[in-house]
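First comes one chain, alone, set out as structure tokens in the form predicted alone.
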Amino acid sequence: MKKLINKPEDVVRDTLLGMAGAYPDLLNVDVEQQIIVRKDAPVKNKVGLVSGGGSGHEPMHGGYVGYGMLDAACPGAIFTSPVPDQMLAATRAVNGGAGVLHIIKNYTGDVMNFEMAAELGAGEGIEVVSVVTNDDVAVQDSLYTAGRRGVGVTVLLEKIVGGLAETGAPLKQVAELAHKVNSQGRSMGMALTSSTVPAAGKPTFELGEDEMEIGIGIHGEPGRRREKLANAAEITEILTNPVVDDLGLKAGDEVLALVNGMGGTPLIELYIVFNELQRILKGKSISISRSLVGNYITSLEMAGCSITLVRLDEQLTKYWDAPVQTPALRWGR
């Protein structure tokens, strides 16, 4: 195992200290509580947005804390859910009097712990609503979930919903938009290599030199199948068609397209995948009107990619385009 770390047990702590030093103008980082909060939180009369999950998926979620996205993030240990105390501390920190929305990826530990935190917050008089993302079309159930996994749509949802929350919209309206984004987005990913959790010191799984895993999860969970390595055009077809079919996209639809790297794939290869994606969608008369290409929800150093499509309408496009200022996403401000 070769990694730029000190001790495996200090990885999250050292990362938080690094983020605090790198973005003092954007973030307040509480290393003891293990939460990341936007600098101006709580914002009076604004719905607070809180998300979180295991570390190892950077820049998600801490990289999306700031104006126009999340108000706070709770990083757990690598690939391990944060605990309810963290989530409650984050909920308190962003409560500006308009309530708090918890954005939860559909992993059993995350869902259970956020539910406990919401109950504790309600006991303190904080109105909390939860939205669970479940956009992965690869498998119905996995090692970590009951139902579909929450993956790439989570990032896009945080941006779109964050744009609405900045307008002072009420909690009910913010939650309704979150549900809408989740319902209009789907994802599928693949892996060329495994990742290595520092505490384990060895790869999570083994792939042969001529193999790839289709439908992989962001924690190294198995996917739909393992098969022989293919070229970028074939891989993009394998990932795109189930997403298009599951979402029911048709000629004339416009989408927000995310080609996401899993941590170990260079940008030059991700642009090749995006080129293939736009070719495929053009052939179906589906337009990509907004896009992101890069590492946005990773799995440590795993090589591979995922594709996420969200069906756009005027409302979703408006709040996607709204200003944002976070460590990982910045435009319009």
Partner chain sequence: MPVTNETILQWLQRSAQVLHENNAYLTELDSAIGDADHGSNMDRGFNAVITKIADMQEADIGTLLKTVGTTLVSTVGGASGPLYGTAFLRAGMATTGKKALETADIVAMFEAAVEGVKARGKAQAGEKTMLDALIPAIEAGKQAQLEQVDIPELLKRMAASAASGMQSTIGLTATKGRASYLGERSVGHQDPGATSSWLIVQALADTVAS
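Residue numbers count along the first chain shown, from 1. Note that the structure is a prediction, hence the values are computed from the model and not measured.
Just so it is clear, the following notes concern the form predicted in complex with its partner chain, a form of the same protein that is not shown.
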Open item on the list: At 4.5 Å between heavy atoms, is Met116 in contact with its partner chain in the predicted bound form?
Closed with: yes
Task: Heavy atom of Ser183 within 4.5 Å of its partner chain in the predicted bound form - done: no
TODO: Please check if Glu166 has a heavy atom lying within 4.5 Å of any heavy atom of its partner chain in the predicted bound form.
DONE: no
Task: 4.5 angstroms heavy atom contact with its partner chain in the predicted bound form for Ser130 - done: no
Open item on the list: Under a 4.5 angstroms heavy atom criterion, identify the one residue in Val155, Val243, Val197, Val174 near its partner chain in the predicted bound form.
Closed with: Val197
Open item on the list: Check for me whether its partner chain, as it appears in the predicted bound form, comes within 4.5 angstroms of all of Ala77, Asp85 and Glu221 - heavy atoms only.
Closed with: yes
Task: Contact segment among 222 to 230, 90 to 98, 121 to 129, 244 to 252, judged by heavy atoms lying within 4.5 Å of its partner chain in the predicted bound form - done: 222 to 230
Task: Residues in 85 to 116 close to its partner chain in the predicted bound form, defined by a heavy atom within 4.5 Å, in order - done: Asp85, Asn106, Tyr107, Thr108, Gly109, Met112, Asn113, Glu115, Met116
